[in-house]
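In the form predicted on its own, a lone chain appears below as structure tokens.
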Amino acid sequence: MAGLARLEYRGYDSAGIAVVTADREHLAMAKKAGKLAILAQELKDRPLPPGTVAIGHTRWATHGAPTDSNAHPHMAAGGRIAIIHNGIIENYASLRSELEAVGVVFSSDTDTEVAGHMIAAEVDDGKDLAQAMRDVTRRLEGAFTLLAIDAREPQTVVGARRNSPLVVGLGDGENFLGSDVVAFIEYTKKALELGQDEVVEITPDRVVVTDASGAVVARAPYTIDWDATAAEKGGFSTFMEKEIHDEPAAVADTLRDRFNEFGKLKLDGGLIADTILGSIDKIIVLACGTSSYAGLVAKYAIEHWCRIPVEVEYSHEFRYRDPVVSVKTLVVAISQSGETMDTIMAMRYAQQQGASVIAIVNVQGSTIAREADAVLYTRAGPEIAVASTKALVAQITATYLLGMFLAELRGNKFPGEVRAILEQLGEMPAKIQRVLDTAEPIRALARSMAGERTILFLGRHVGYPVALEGALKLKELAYIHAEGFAAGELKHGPIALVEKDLPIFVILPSPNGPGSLHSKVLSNIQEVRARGARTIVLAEEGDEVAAKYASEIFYLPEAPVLLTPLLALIPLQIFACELAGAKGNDVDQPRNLAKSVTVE
């Protein structure tokens, strides 16, 4: 149950467990719709028999509504076999019809139950659970992780994965399977990654990994470099608050130990030949949601430092529009979990067209990290709250490192220039901490605005992706209408939305920034104020002019223009978190969302 609690960020529509007991013909099971606390109360009221082998699941509903009957685990073979599942089985309809034709009766609306009955049929034919899993998964289409137990194999759990995460935890006299290492980090820091279409069989003292044909596969274990306390709230009332306060460390850790023995910037793993990186003529950033805004910030920085055109694409749109990709294209895949299915499929498509891929991910051993040609880890530690905070600032920091790596490699920047930028980056954790230490006014403002139904955000240059992210956080957490706009686009249509007392956040560029952007955004502020808007301005310390045009103003430490998103994002995260809390919303588990989107 503690492991499930750490995984609840992945889905919280329902939860359930199945336990192997002394009864060799039946498993014990409990499952309930709703959050894990409901299952915990059920187990308190009606405890299950004791056991040492079990599987459990927290569900984000895909096939079938979030009901008790659709909750996992699902039983087969008269209650002797239980199965849980992440992902989607795309050919489940034809398989279900096939099973119903031979008399199988279904008790749920899920695609998962199909796999359970198929495994039961294979076991009834005399196969052991691992062989049954291999034979069944060959017939399944889609993306999935499956775990199964059989009362007649009481010391065994079998798992399989295709395009969906599954990690083995290696203990002493005990072993674990989880979709994230946070599930078992309390018990072991040794883990084993699984490859595509591999099946794993664990017992208390044995782990066997096989490929689809049944041949044993050797997998090297790795060590998790953080402990269980990193996945706890640390005295904060929500994980999101704790993770916002982790941001100085997330940036500092992502910057740490980035030079090789020759004093050159380095990546974390993989290898792309310098000749290839030196010849690229285009970079495509692939990401979804918040990660795509990290990509937009990267576009400004990398184009400025490297003079290479950068395109930022939503992963789910990329491969369906016949994109122009070649061996001279570098793809940068950004994902906190490294398991975002849309990004995995887009990355694979790009590789098929000859592109090289550098991954920016937070999870060691994840699918994107394994399949990319090179990887840059963000070192943010576990992020439990569904709305991303520290992962985003770590991603932005990693894209800066990538930009400098390429600029140094391609001769766009001299080593001394790279060092100077890195020194400026090295000052950012302390500046982020200053923002956190002076954030009470933004919290008070959020509490006073809990009744607002619409809030807009304006930004230019690197302030534009900050505006987009500020709006997204309010949508995710407060469930209100929020939109981010490029400030220059305001008079081309969005200004029609402005009415009396409408709150508008404005990310004001530094007066020392490029061109005349400061004065242009001040003009935007005057335009909306003239129409009655309430302007909430984020400005650089020392910008005395800004206060004349703001209903409320919040000052940020001075920083180079390209690095300012690391500071401007923090007040907007705090604002969204506090406003959602004031509305009584669950900040860590917003409705309808899951942390990792592992289906297309």
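Residue indices: 1-based, along the sequence shown. The shown structure was predicted, so the numbers you read here are calculated from the model rather than taken from an experiment.
Same protein, other form: the form predicted together with a small molecule, not shown, and the subject of what follows.
Across the options 318-326, 127-135, 386-394, 524-532, residues that bring heavy atoms within 4.5 Å of the small molecule in the model of the complex belong to 386-394.
Though the partner is left out of this view, Met449 does not reach within 4.5 Å of the small molecule in the model of the complex, counting heavy atoms only. Under a 4.5 angstroms non-hydrogen atom cutoff, the small molecule in the model of the complex has Val597 among its neighbouring residues.
Of the heavy atoms in Thr110, none are within 4.5 Å of the small molecule in the model of the complex. Contact annotation: Leu472 falls within 4.5 Å of the small molecule in the model of the complex, judged by heavy atom distances. Checked against the small molecule in the model of the complex, the residues Thr238, Ser356, Thr156, Thr290 give one hit for a heavy atom within 4.5 Å, which is Thr290. Between the options Glu371, Glu313, Glu408, Glu476, the residue in contact with the small molecule in the model of the complex by a heavy atom within 4.5 angstroms is Glu476.
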